[in-house]
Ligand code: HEC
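One chain comes next, on its own, written as structure tokens: the form predicted on its own.
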């Protein structure tokens, strides 16, 4: 069954085909044909061409209302320094870049993420992460800055605490200068009677040493530490918002559909074009991977076999989100919580079932193996084979979504789908973003 949005979109395709396509300088000899065709040949039907125009270009980044420094260059540079800093972990060897390796397309090439110890989920790529509205596979965070803070205090990832993070910052004059140029003075971290060497809330384990240290602080000092800690997350968000992919061969081809430029049209092979036709047609891939970022930004059960049967996915994540002290409705939101109150009110738990996980972007998907939330599938060929037959799929939830059906792709269709997915690759970024900044001097000029 088609989504309401796609049904509406298909209903408007005829109008697009009649009104828009005749003005494109494309020869009538470039219609769909048999065989592989030649470079620059258009094999998409008029309806498919009209749909392709909806998948590119990628729009500008959405705003981040809860983060006043989301697009501040000085904040992004400080965030970049924090992202690559291994001092922000218990063993002193783990950084954000340990699971989001620039050379591995901002993923880690492993089935399950590995920090201080192995986690239970695959590390998602950071490509276009600034376009998301929910974060983590289960959506338990509603801002990128809140997501960025979580691994520091996860015992399996960085194994640290917020007070330890702040003390590392406080001990580095360059980081202190960059921070205070943006946010003003840090709390009085030198006074260990007020700000212990380690500490964080641990409500599930009140006897934990981090919890005991945190509880020894006054409420005012806890609030000051939280505010400084949140500021660091907002800087990391500012850095990660720069990890954007939008100029893949598919995008060049769509530009060619608009301009008629033969060189641009040659960017997508006939095989990849047929793959797009399958993507929006027989494959029904658009039901989850919709729009220019190739994700609906929501949660679904794709019935892929899992190891951790206790992972409730979004059904649990939404509960955690609504009680999260760092969610967008908290005192830490720079917009006063207005946007988040709306988001949270339209995200009721009753709409989600166990086993639903976030739809990832397909941009650069060919470079970010393995796949699925446990990294269960090593290659795109395995992914396509799974959706083709559903032979190994888990049984559907009787009360959940039922749109997933075997697609029975032929060998040629598999090759075409692969060609299309590979055409979504654009890993080009300024080289200075791929490593820790050499210096923060002069970067913190905007406040």
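The structure presented is a predicted model; accordingly, all values stated were derived computationally and were not measured. Residue numbers count along the first chain shown, from 1.
As for the form predicted in complex with the ligand, it is not shown, yet the points below apply to it.
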Checking 241, 373, 274, 332 against the ligand in the predicted bound form, the residue with a non-hydrogen atom inside 4.5 angstroms turns out to be 373
Exactly one of 148, 230, 318, 178 comes within 4.5 Å of the ligand in the predicted bound form through a heavy atom, and that residue is 148
Exercise for the section: Decide whether residue 134 counts as a contact residue for the ligand in the predicted bound form under a heavy atom distance cut-off of 4.5 Å. Expected result: yes
* **residue 208 within 4.5 Å of the ligand in the predicted bound form, heavy atoms** => no
*asked:* Can you tell me if residue 168 lies within 4.5 angstroms of the ligand in the predicted bound form, counting non-hydrogen atoms only?
replied: no
_Considering non-hydrogen atoms and a 4.5 Å limit, does the ligand approach residue 55 in the predicted bound form?_
no
Worksheet item: Would the ligand be touched by all three of 76, 183 and 324 in the predicted bound form, meaning a heavy atom each within 4.5 Å?
Response: no
For the ligand in the predicted bound form, the stretch among 168 to 176, 194 to 202, 120 to 128, 259 to 267 with residues bearing a heavy atom within 4.5 Å is 120 to 128
Taking the ligand in the predicted bound form and a 4.5 Å non-hydrogen atom cutoff, the residues of 100 to 119 making contact are 100, 113, 114, 115, 119
